[in-house]
Ligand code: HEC
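The chain that follows stands alone, in the form predicted on its own, written as structure tokens.
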Amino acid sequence: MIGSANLSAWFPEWGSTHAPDVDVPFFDIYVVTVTILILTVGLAVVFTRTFTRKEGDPEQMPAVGTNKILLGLGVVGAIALAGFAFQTGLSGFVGQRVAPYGAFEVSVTAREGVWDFTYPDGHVADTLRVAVGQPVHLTMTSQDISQNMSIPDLRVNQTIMPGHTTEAWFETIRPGTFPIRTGAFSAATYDSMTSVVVSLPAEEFAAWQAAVGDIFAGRTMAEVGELLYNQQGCKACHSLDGSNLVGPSLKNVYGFEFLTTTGETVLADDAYIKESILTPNASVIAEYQPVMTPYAGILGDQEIQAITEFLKTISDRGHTGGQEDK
């Protein structure tokens, strides 16, 4: 390494604004330490040649005391070197800890063999697409073992722990495809936990985002409803297998009658499903508490219809339009 004439060959080409804050301090510290190494080795050679016993030298050399000046200079030099290394890398270290205000938010989930990137519109992909010049804030967690996200071109390296949320951010400075690696040395995951960051010009990224942001494109209404069930947090309170959580299970809801906390009986038809989504606490099923968050202003008529169609697919009376089989 010391003899390399091309220091820039040690790192990939700069791909993000972090790169100068990583590479420049490294090369500065490298040059200083190599200079000190050469000086130290040079002095060792000179001293060896100078103080090697020669023919005719007396058997015993006169004792000399400790040179406190040289000793002090050595201590001060070591402290100065440590201070130089600290100061050189401090600004880059601090700058990588806090994402800029308004950064594009992406949630990252690492699990056995897979990276899941969730965008603000709910789109989930195994490839991270970003816009050139736009800061990207990653909120990361692991579902199984400790992982490590390493993006050498962008100078990003962050440990991801199960049960904890870690953060990282970057801003790409050029279009390109940058490999994502993992530091989990597992035969099951090390080779398979690979993905890429695709950095696109702002116009291309906006077009891609608009295309994937349309959840109805290429999906049936029922498939969109299932997607919304997962995206909107419904699964935290409502199961699909008949088991009761905070709220009733959604299995066999559509088309069935239920007793409410006010003693009324309601039929879970299209109108009731819509009311339960927009103003859920207006009519609460008996034995449950009015704790559901209203989705008025969050979900539109088309999304509500998609959820309704999904509920029909998991109901024994879904095909009857809400009427009991005769």
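Quick note: we count residues from 1 along the sequence shown, nothing fancier. Rigid core (definition): largest C-alpha set, two forms, superposition within 1.5 Å. The structure presented is a predicted model; accordingly, all values stated were derived computationally and were not measured.
Below, we turn to the form predicted in complex with the ligand, even though it does not appear here.
Do residue 32 and the ligand come within 4.5 Å of each other in the model of the complex, heavy atoms counted?
Close contact is absent here: in the model of the complex, residue 32 is far from the ligand, nothing within 4.5 Å, heavy atoms only.
With the cut-off set at 4.5 Å between non-hydrogen atoms, does residue 237 touch the ligand in the model of the complex?
It does: once the ligand is placed as it appears in the model of the complex, residue 237 has a heavy atom within 4.5 Å of it.
How about residue 233: is it within 4.5 Å of the ligand in the model of the complex, going by heavy atoms?
So residue 233 counts as contacting the ligand.
Determine whether any heavy atom of residue 248 comes within 4.5 Å of a heavy atom of the ligand in the model of the complex, and answer yes or no.
Taking the distances in the model of the complex, the answer for residue 248 is yes, it comes within 4.5 Å of the ligand.
Work out which of 291, 296, 44, 69 lies within 4.5 Å of the ligand in the model of the complex, going by heavy atoms.
If I apply the 4.5 Å criterion carefully, the residue I get is 291.
Is it true that 156, 170 and 178, all three, sit within 4.5 Å of the ligand in the model of the complex, judged by heavy atoms?
Verified in the model of the complex; spot residues all out of contact, no.
Heavy atoms within 4.5 Å of the ligand in the model of the complex: which stretch in 36-44, 50-58, 281-289, 23-31 meets that?
The contacting stretch here is 281-289.
Using a rigid core alignment, state whether the CA of residue 171 is displaced by 2 Å or more between the shown form and the other one.
No, its C-alpha moves less than 2 Å.
Spell out whether the Cα of residue 281 moves at least 2 Å between the shown form and the other one when the two forms are superposed on their rigid core.
After core superposition, the C-alpha of residue 281 moves 2 Å or more between the shown form and the other one.
With the core lined up, does the C-alpha of residue 236 move 2 Å or more between the shown form and the other one?
Moves: yes, 2 Å or greater.
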